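Consider the single chain below, provided in structure tokens and representing the form predicted on its own.
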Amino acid sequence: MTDSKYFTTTKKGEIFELKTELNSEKKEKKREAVKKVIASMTVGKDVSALFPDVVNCMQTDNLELKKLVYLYLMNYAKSQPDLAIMAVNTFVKDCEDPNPLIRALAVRTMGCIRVDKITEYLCEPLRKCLKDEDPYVRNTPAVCVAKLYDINAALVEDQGFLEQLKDLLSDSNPMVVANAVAALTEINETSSRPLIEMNTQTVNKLLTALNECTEWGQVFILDSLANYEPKDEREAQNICERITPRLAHANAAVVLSTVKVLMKLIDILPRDSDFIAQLIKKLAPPMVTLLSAEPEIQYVALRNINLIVQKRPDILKQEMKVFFVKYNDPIYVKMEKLDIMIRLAHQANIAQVLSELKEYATEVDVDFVRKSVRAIGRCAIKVEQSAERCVSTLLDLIQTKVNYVVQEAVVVIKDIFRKYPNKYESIISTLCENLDTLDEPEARASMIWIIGEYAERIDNADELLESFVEGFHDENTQVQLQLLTSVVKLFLKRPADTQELVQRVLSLATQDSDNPDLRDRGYIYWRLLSADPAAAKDVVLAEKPLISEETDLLEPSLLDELVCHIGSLASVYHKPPSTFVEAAVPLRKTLPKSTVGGSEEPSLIGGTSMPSTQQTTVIPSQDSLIADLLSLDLTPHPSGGNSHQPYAQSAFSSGLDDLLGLGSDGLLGDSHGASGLGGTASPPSVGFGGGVQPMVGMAGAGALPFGAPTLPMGGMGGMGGMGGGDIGGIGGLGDIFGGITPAAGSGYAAPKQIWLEAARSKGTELQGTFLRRSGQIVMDMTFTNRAMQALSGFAIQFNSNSFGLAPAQPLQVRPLPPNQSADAALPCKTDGPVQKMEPLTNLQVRIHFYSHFRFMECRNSL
């Protein structure tokens, strides 16, 4: 009869009945009662009330009953730590039982009971079992030491368990060695110092145990070997030869771990050696074999193969066919195979690859079809000899008139034009025929780019672009930006026909748009065209660099790191472990200690000074730092806040002129103005705010957000929130477009960011930003009390930072009742301690209220 009967009872008074049965004199009845208890525990019933009665059942010779009682103890010992101590004597006694199964079971259970009160009783049984004559018993406490280290690391070190664990590396039993390696590796991840000293002798012991232990033991040993650096080429070759047979193992984890070790050792060996050539030949078959496993294993294998192919494409260069997609492959497997096919494509197999991709483009899965079409474009970019055939294939696909196929084809043809300019323009007419079917932003933006880039060869380019302009505000930002650039290109190539069109688009981009990127680009183009059309032509129509063959390759240092993690989650995510696994010993963020001017501590305005431990690199001079970073003068200008200054005196105007290649007075002009297309540009700053502000560096910029882009361009004062002013000051810009000038808009204020969340600060939420008022930097904050009690006693402390920012006065915040908000403006000065921060614009602040301190980082772009 099966044990399912234990899960069917639902009668009332069951606990009382079980209690009676557990105390029965009959062994059979007692065993049945324990089984019922375990069944109830398994389905989620609370049977902790039976703890003393179950513990009394430990005194038995029946191994099955003892296992059941130990299972119950592991589950409930944490909630009943005082009662769990009752079982300690039985554990200690069982650790000396003649039966090795009971000895191992006892020490394993004690290790699984994560209760501090029991750990002190575990030490002596654990020490005996580590030296037990039976390998099965020695095997168990090896893992138990790692569990004990997690609970009480100091105890493990004081009792000498780590030394005993290292001694097990020399054990005669391979499974004991494997478990010792696994335990030491686990401990190593949380320890501040390396525990396994890998040397030639240790490596030889591990290699000897490798052939005889279980598959997971082999994985642990191989992972530890991956961290070993051989002394010379001969030792590296010896390790390779001894682990190569593991490539034929049936377990995928063992195969991938072996590949990881070999990939690391290959980098150590000479590149042109015959040994490497032989090794590479042996690596391909096991990886191909993995692709015949279940889809989930295939996916993991493909993600790892993707890394291997990027590192060493020659390993699988002859195995293209195994990556061809099967009709019954899941979509995630199909996508990965496509990626690898492109990476392995070369001149010899490109015809075969293109034939496959064309077939894939007729499938029913839309995402797969899209990626297949893009893959054809990537083939054209990677293998130049195949470009013409790829373009022909794409044209055939466009003729199918399938909407999403046409749109993807347009996108990849744009990339082909960028790789091979002036080579395949004959197909533009075919693309224009499908203009009306394009409804996805990327496809529309690509088509607009093609029209703008080859406007001189398209007779009705102005009409085509004008059709997009009609719904300018309904377009995606990507399309709007591309349309603006293409219209300017068209104007520079055919100025006589398109003056009205470019004027209209620039007006839409600068006056009617809320998007800062679009508005800023519009003003850049507007000022370029008004200042010097020849320079505008050099900038906008400059020769573009050819796009690279592989745009999705991982960065080399990241790739090397991921190769070291083959066979783990990092190789599946293609991200380092630190990005998705919390560090076992988290770094505690503290305020860095100032080293400028001795040991001076940053003052806590309205509170108490706090010590700090973080060390940062000191920058010699605050003045040189600010000058190097932004070429700005952060001190208030003596001339006040309302007088105009000629551009020649601007702290960074010449740098901006050079940036656009217009010379020192080509774009901004000097104090006498700049010549434009049809008139003269005058120097006052023009913006979206209410008044004209001086523009010497940042000194007099009214209501300027700290960190907003600051461009001292006549006609562009609105960028970055500079004060508004005389519209007529645009001069030449108004003349070129028939007197039309950009209108003044509303004043710009940088949005406040959440610097401190209520969940982290006992109910206090802080939002803030940096502004500039009357030439002084101001920290503009809003405090919100989400707690159930009033808050008061606010104070603030700035840590040393890259800009020397410090509070100029105490923080003034009224007492804050529950669910209320209060605004506070804190003037700042720039004569505080200076230290280089990472990133440079990082500002660390500590807020005080009541008796609590809360640390935060303000990452505005300073």
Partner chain sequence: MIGGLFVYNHKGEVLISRIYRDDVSRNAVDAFRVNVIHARQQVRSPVTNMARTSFFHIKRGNVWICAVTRQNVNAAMVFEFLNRFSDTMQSYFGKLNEENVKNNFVLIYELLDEILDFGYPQNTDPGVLKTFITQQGVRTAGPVTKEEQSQITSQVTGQIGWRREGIKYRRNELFLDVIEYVNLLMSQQGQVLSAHVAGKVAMKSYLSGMPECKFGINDKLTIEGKGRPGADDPAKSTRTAVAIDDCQFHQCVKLTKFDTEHAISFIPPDGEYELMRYRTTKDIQLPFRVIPLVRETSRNKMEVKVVVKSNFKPSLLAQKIEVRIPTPPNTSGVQLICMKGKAKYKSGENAIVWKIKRMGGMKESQISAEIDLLSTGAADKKKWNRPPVSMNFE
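What you see is a predicted model; the values in this text were computed from it and never measured. Only the largest set of C-alpha atoms that superpose within 1.5 Å between the two forms is called the rigid core. Positions refer to the first chain, counted from 1.
As for the form predicted in complex with its partner chain, it is not shown, yet the points below apply to it.
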(message) Looking at 197-205, 166-174, 119-127, 428-436, which stretch has residues with any non-hydrogen atom within 4.5 Å of its partner chain in the model of the complex?
(response) 166-174
(request) For the three residues 150, 179 and 220, verify that every one has a non-hydrogen atom within 4.5 Å of its partner chain in the model of the complex; reply yes or no. (result) yes
(message) So in the model of the complex, is its partner chain close enough to residue 114 to count as touching (4.5 Å, heavy atoms)?
(response) yes
(message) Taking any heavy atom pair closer than or equal to 4.5 Å as contact, tell me whether residue 58 reaches its partner chain in the model of the complex.
(response) no
(request) Determine whether any heavy atom of residue 331 comes within 4.5 Å of a heavy atom of its partner chain in the model of the complex, and answer yes or no. (result) yes
(message) Is residue 782 part of the interface with its partner chain in the model of the complex - any heavy atom within 4.5 Å?
(response) no
(message) Quick check on this chain: which one of 504, 521, 370, 249 has a heavy atom within 4.5 Å of its partner chain in the model of the complex?
(response) 249
(request) Counting non-hydrogen atoms within 4.5 angstroms of its partner chain in the model of the complex, say which of 831, 823, 46, 64 makes the cut. (result) 64
(request) Just give me the residues of 129-157, first to last, that have a heavy atom within 4.5 Å of its partner chain in the model of the complex. (result) 133, 134, 135, 136, 139, 140, 143, 146, 147, 150
(request) Answer yes if the CA of residue 336 moves 2 Å or more between this form and the one not shown after aligning the rigid core, and no otherwise. (result) no
(message) Quick check on residue 489: with the core superposed, does its CA move 2 angstroms or more between this form and the one not shown?
(response) no
(message) Once the core is aligned, does residue 107 move its Cα by at least 2 Å between this form and the one not shown?
(response) yes
